[in-house]
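Given as C-alpha cells, the chain that follows is alone and in the form predicted on its own.
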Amino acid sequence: MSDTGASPVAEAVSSERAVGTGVVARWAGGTFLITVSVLVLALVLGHGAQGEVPEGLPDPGPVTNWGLPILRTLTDLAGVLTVGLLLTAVLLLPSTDGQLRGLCFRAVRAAGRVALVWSVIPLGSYLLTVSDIFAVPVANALSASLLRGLFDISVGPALLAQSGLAAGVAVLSRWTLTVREGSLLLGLALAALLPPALTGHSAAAGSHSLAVVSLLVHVVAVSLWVGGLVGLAWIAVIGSGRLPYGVVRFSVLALWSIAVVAISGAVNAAVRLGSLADLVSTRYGALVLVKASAIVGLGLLGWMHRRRTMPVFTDRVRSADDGDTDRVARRAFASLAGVELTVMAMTVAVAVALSRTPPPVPDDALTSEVATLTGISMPPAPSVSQLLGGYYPDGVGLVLVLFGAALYAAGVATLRRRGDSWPRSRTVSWFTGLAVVAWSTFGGLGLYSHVLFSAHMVSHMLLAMVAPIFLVLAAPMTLALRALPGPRVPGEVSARTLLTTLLHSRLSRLLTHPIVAAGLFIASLYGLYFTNLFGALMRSHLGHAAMEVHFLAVGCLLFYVLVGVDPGPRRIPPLVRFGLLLVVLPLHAFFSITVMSAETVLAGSYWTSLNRPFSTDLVADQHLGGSISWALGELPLLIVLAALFAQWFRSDSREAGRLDRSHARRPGSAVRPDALDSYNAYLARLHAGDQAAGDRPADDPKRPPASHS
C-alpha cells in the first residue's frame, strides 16, 4: 500500500532511502538500556524503591518495589507511542480525500496493536499496587478481598479506567477509516492517559485543583510532543516522501508543547516544594532539577532542528515536491530525532521515579476540614481589597484564561503576518471576557466562592451571564477558521475543515437550537441548586471545577444563539433572539427570587462544615446571594439589547446595500444617480401633476381621482 498522494517515483525513491532495520534495532536497544539505568538511578536517588525494611515492618518484596515503577514507565511509553501513531495519521501525514490510506492506515493499525499492549499493563500495575499498598508479597495480593479493597481507593479505579479506555482504542482502531474518525480516536487515546494523573502526589497536594490540572495539562502536552516526534521518526524509517510535510506541521505543535510542558511542570513542582531551597536540599528537588535540565536540553535540540533541517523541508513543502529530500537534511533530522527520543525516554523514567519520591510537602498536609474541601486555609473576612486582590489557586480557571489568551493572540498575530486585519473591538471583547473569568475563578471572587454562598452566586452569574457575552462577541470561531492551516494537498481534511465540519454537524445544530440552548441554561439552574447535586459537587475539587466549566459552557451556548457573530448551522432572526431573551430572563429572575426567599439552606451541610468565623448566618448569606443574582440579571439584558440593536442595524444596512447593488445590475439600468435626488425629483413631478389637476374643474375627466392615502 503506497503512501497517500505520493507518486510512484517518490515511492521508489523513498524505499531506497529507508533507514536500515539494524540501525533502528541498535538504537532501540541502547535507548532501552539507558532508560532502565536512569530509572534505577533515579529511584535510588529519590528512595522511590524501598531498600532494606526494619525488622517487624511489612514488606511487599523486591518484585513489587522494582516492578511497579518499571510497569509505570512501560505504561507511559505505550500511551505516548499510541498517541504518536494516531497523531501521525490524523495531523502529520496529509490525506488527499479524507480517507486513511497508505501510511495513515498503517499508523492507525499499529496504534491499535500498541494500545492492546497498553491496556494489559495497567492490570499488572493493579496487582502490584495491591501488593504495595497492603504491604504483602505479590502471591498474596491475589486475594479477592485485597483486590476489592484497592477498588475503594482512587488508585484502583484509575488503573482500571485507563485499561478500559486503552482497550477501547485498540478495538475501535479496527473500524477507523477516515481522518474524522481518527481525530475522535486520538481524543480517546489522550483521555486514556489522564486517570492516573488524578491520583498520587498531585491528588493529595494542598493546592489540589492547581496540582491536578497542571499535571493533566503536562501529561497531554508531553504525549503530543514525544508522540509526534516518534511519528516523524517512524515516517523517516519507512522512507516516506511526505516527511517534509510532517516536519513542518510538527514544528508548530512542538513549539506550543514545549512551552506548555515547561510552564505546567514548573507549576506542579512548585505545589510539591515548600520553598526554592528544597530544590537543592531535598532528593525530590534534585530530581526536579534533573527533569528540568532534560527539558531545557530537548528545547535546544528542537532549536537545532529548526536551524538545520526546517529550511530544507519548508522549501520542499512550498514547492509541493514529493521527490527526494536533501540527504544532509535527512541525516541531520534522523540523528537529532534519535537523540531527542533517547533523552525523552530518560525524562519519562525520571518522571516516574519522581512520582514515587516523597515530596517536601507531605501528602497529609491538609489537616483542617476547610483545607480538605477547598485546598487552602480559611481566608479572612471579605473586604474590598480581598475581593479585588485575592487569589485562589484554581487550575481550571488558569488553564481557560491562559490558553484562551494565548490562542486568540496567536490567531490575531497569524492574520497580521498575512497582511489581514482583525477588528480591535473583538480583541478587546475577548480579553474583557477572559478578565471576568479570571476574577470569577482564581481571583478574589473565586477565592470566596468556596466559602460564601453569596460570593458563589456572583461568580456563577459572571461566568454564565456576563463573560459569555463578551466572549461570543469576539467571534473566536471566525478567527480560528481564518487562522488555522488549510489543506496542504488537494482534498486534505485539514484542521480548518474539521472545525467547519464540527460547526455544521448535527450535534452543533441540535445544541444551537434556541429551545435547546435556553432549556439547558434554565434546567442547569433548577436541576443543580434545588437538588442534592449542588452539595455533592461543592465537596469535590473536580465537582467545583465541573460547575465552573458548565456555567461558562451553557452561558456561551445561550448567548451565541442570542448575539453570536460566528458562523453556525442556522440563521436566527433578531426578533426571535429578542423573544428568546424575554423568555429566559424571567425564568432566571424567578429562580433568584426563590433562592432569596427560601428558609432552607442549599447544601447546608457543606456550609456548616466550614465553620467560618464570619457571615455565620447562612440563611442571610443565601438571601444576599439570591438578591445579587436577581439584580445582576439586568446587566446582561442591557448588554444583549445593545448588541442586538447594533446587529439589527448592520443587517438592515447590508440588506439595503444588497438591494441597491441588485437594482444597479438589472439589464438596461445605467449608472444610478443619487438615490435622494431621484426620489426628490419623483416627488416634484407628482406635485406638479397635482397642481395641474387642481386648476381643472371637479368634473373634468382629465382630473385624476382624489387620493385616499
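One-based numbering along the sequence shown. Everything quoted here is computed from the prediction, not taken from an experiment.
Omitted here: the form predicted together with a small molecule. The next part is about that form.
- Of the candidates R249, K291, R577, H544, K291 is the one whose heavy atoms come within 4.5 Å of the small molecule in the predicted complex; the others do not.
- Taking a 4.5 Å heavy atom cutoff to the small molecule in the predicted complex, the contact residue among A266, L184, L635, V583 is A266.
- Of the candidate stretches 451 to 459, 496 to 504, 257 to 265, 528 to 536, only 257 to 265 has residues with heavy atoms within 4.5 Å of the small molecule in the predicted complex.
- Contact check for H218, V226 and V348: all three have a heavy atom within 4.5 Å of the small molecule in the predicted complex.
- Within this chain, V352 lines the site of the small molecule in the predicted complex, having a heavy atom no more than 4.5 Å away.
- Mapping the unseen interface onto this chain, F442 falls outside it, with no heavy atom inside 4.5 Å of the small molecule in the predicted complex.
- Interface residue remark: I295 is counted as part of the site for the small molecule in the predicted complex, having a heavy atom within 4.5 Å.
- By the criterion of a heavy atom within 4.5 Å, E548 is excluded from the residues contacting the small molecule in the predicted complex.
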